[in-house]
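Before any questions on how it binds or moves, here is one chain, the form predicted alone, in structure tokens.
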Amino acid sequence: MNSATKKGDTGRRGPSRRGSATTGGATDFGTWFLVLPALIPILVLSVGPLLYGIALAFTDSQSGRTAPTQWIGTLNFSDLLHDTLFWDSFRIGLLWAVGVTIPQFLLAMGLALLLNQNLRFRWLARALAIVPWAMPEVVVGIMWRLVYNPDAGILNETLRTLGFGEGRDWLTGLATALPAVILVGIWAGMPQTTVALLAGLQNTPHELHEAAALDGAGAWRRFRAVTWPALKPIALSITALNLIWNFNSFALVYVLTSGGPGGRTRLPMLFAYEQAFRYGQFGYAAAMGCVMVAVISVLLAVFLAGRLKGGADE
């Protein structure tokens, strides 16, 4: 009897499992069918050009070349290792990325803390704080070129009015060009960091701050014990993304200085653009792009490894 019951149970469970597998397959197909419209543009506009650029880096592709493009292996990468101009641009790119990202984060943190307070016209202050984010980079560059104008720019006019001399040409001076461009980068990118940090502050339970205040904790101690632990994951994420975005900057610096004077603001993307579209060295420029993708991938891997390790420790 028990044996028959077991056999009957086995017989009943079999179709149930087959039906579940069939349902799961249909669900997977439906999921892919819904994801496909979003996946196709990514493959066509991102993955496809990336793979083509990698393949192009191993060729001698040039503009205006009548002979067929030849496969030259790693020759472009070998030349790149000995190209001091590229490594100078790489060093400038790192200085630019770090010089923009760190002050950007610190200022955005202070602004987010201020906008999180119960102030009058707080809605207006928040709206004004994201204005630079809403402006295209080309417009930002043109606007700041007018600010830095040596003859009629508002910066030099202010310095003359305050008695600090006749001012200078900020964007063409060898010593002032990179700091002037970094200042614009900080101003233009600060709103997105502010918005991310402000969202984190608003999701922090207010009861924790009240409990810490009742325990006698001052503002700085409450920030370290309550605010920063809640903001740390957001802060790490937005800082890593800003570092990558800033390292890949092109339009803002191109409008401001076009890489000058004397290459003092020539970021890696600007250098690759010049090699491709000014000198027609498409293969060589693609090799530069591959190096930059590799560097960014390493930065992402280090960041993700740190995040995963931190999550495992918790």
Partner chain sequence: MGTSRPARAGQYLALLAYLVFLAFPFLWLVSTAFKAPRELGDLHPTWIPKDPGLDNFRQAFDEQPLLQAAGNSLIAACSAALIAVAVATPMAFVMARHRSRLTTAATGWVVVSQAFPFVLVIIPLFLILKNLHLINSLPGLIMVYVVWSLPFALWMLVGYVRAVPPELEEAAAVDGASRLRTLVSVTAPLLAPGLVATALFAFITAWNEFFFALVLLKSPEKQTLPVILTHFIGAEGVADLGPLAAAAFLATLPSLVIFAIIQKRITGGMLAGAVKS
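Rigid core: the largest C-alpha set superposing within 1.5 Å between the two forms. Positions refer to the first chain, counted from 1. Predicted model only: the values in this text are computed from it and were never measured.
Keep in mind that the form predicted together with its partner chain is not shown, yet the notes after this line are about it.
Checking I72, I154, V98, L236 for any heavy atom within 4.5 Å of its partner chain in the model of the complex turns up a single hit: I154. Checking L94, I102, A127, L85 against its partner chain in the model of the complex, a heavy atom within 4.5 Å turns up for just one residue: A127. Annotated contacts: P132, I244 and V293 all touch its partner chain in the model of the complex [non-hydrogen atom within 4.5 angstroms]. Heavy atoms of A285 reach within 4.5 Å of its partner chain in the model of the complex, making it an interface residue. Remark: I142 counts among the residues lining its partner chain in the model of the complex, judged by a heavy atom distance of 4.5 Å or less. The closest heavy atom approach of E210 to its partner chain in the model of the complex falls within 4.5 Å.
Within 4.5 Å of any heavy atom of its partner chain in the model of the complex lies no heavy atom of Y279.
Along 41 to 55, residues P41, I42, V44, L45, S46, V47, P49, L50, Y52, G53, I54 each place a heavy atom within 4.5 Å of its partner chain in the model of the complex.
Superposed on the core, the two forms barely differ at L50: its CA moves less than 2 Å between the shown form and the other one. Put the two forms on the same core and the Cα of A251 is off by less than 2 Å between the shown form and the other one. In the core-superposed comparison between the shown form and the other one, G262 has its Cα shifted by less than 2 Å.
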